[in-house]
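Read the single chain below, which is given as structure tokens and is the form predicted alone.
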């Protein structure tokens, strides 16, 4: 951590607030589920310190951007937000400006040179140290915290955005070296939490009435490989499979999900466990990234497309009706038209329920960014457009199996566009909308598990009617 001294003065704003009395905050989160979970923890820390959430970003005394650098467009969006706040700070000197997350880790002190109005730059590993770092800011310093460190356990301070579903981090960081990915350099080495700490957090969530938890990791199938434990038979303990067994009996928790998986480590034993444990939902998010073995090798992914298809076949043989979602990158350096077609063919063959798509974006300090065979923006746009049209078709075809079927839906919130509707997800992760009042007059509420007969299909969501 570096601390850059600056003049420490308490300057009153037009509202008469002193810097030490600032009490409102605003967090904007970019990127993945891990960032969302980090933001919940940082919001909890701020509220523990006495801050309250502002009604709007422009009313806040502290603005925190939790950033993502996995795509260039996400990174550039952060800079546009920063410019707006830098102008605001010129007239509101007590405003604190915090940049957290992956862009903060990636850029470090260079962020201060680009936007000198920033008070605190902090990487993802420092999320639980927010109070300590802000105290340094209160002492009149600009702070940069991007050094690799042991992540502190923090089970009590998250301000969760849902009262029904909760993220639970089980492993931080990533040891993989995919040639396109900036994550290992910005999130650090893998650090698994102990099974006991994870179970304790979930038990506390259950006592608060949470019904569903999602175990999170950048590479969740790697959970436990940095923890001690080998059985007498030579099998490693403390794997994700063992963790699922360990937490499955917690009273009050009705559903368990996990993300994000890596095909290299997705084992038959894990699939068998998911089939065996009734609380584990029938949804698997397993990125395949490309349908070409040559591109997968260039990406450093460590598996073949044949291996990936065998995983899907195993899931569907043991868990009929399971939904499969994935991530795909098109226009990777050197990708030929034929290799792109191989990706399209995999999407059609597998029949994914959902696919997150992206055109390749060169990222700092990654090998692929330096390769000479970069594809043009025009090719990226063309291939991504074609891919997205195929994904929409396959998603709609996959949705057809739900028509007139009854699905268990966990009501997560009121539909913000229609207060007469609830919205939630099926066990297979399909977003579903339905009336708050069923045909028998029963009024359903957030947190209820409800049997819904599906009556309307869209590519990425469903609608239906409660059975009671």
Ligand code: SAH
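Only a predicted model underlies this, so the values are computations on that prediction, with no experimental measurement involved. Positions refer to the first chain, counted from 1.
The following text describes the form predicted together with the named molecule, which does not appear among the structures shown.
Undergrad: State the residue from 218, 343, 239, 169 whose non-hydrogen atoms include one within 4.5 Å of the named molecule in the model of the complex.
TA: Looking at 218, 343, 239, 169 one by one, just 218 meets the 4.5 Å heavy-atom criterion.
Undergrad: Which residue among 289, 292, 125, 192 has a heavy atom within 4.5 angstroms of the named molecule in the model of the complex?
TA: That would be 289.
Undergrad: Taking heavy atoms and a 4.5 Å cut-off, does residue 301 contact the named molecule in the model of the complex?
TA: Residue 301: contacts the named molecule in the model of the complex.
Undergrad: If we define contact as a non-hydrogen atom of the residue within 4.5 angstroms of the partner, is residue 181 a contact of the named molecule in the model of the complex?
TA: Residue 181: yes, in contact with the named molecule in the model of the complex.
Undergrad: Looking at the partner-bound form in the model of the complex, is residue 329 within 4.5 Å of the named molecule by any heavy atom?
TA: The answer is yes: residue 329 has a heavy atom within 4.5 Å of the named molecule.
Undergrad: Does residue 37 reach the named molecule in the model of the complex, with heavy atoms at most 4.5 Å apart?
TA: No, residue 37 stays farther than 4.5 Å from the named molecule in the model of the complex.
Undergrad: For the chain seen here without its partner, which of 70-78, 114-122, 346-354, 135-143 has a heavy atom within 4.5 Å of the named molecule in the model of the complex?
TA: Looking at the partner contacts, the answer comes out as 70-78.
Undergrad: Taking the named molecule in the model of the complex, which residues along 436-464 bring a heavy atom to within 4.5 Å of it?
TA: None of them.
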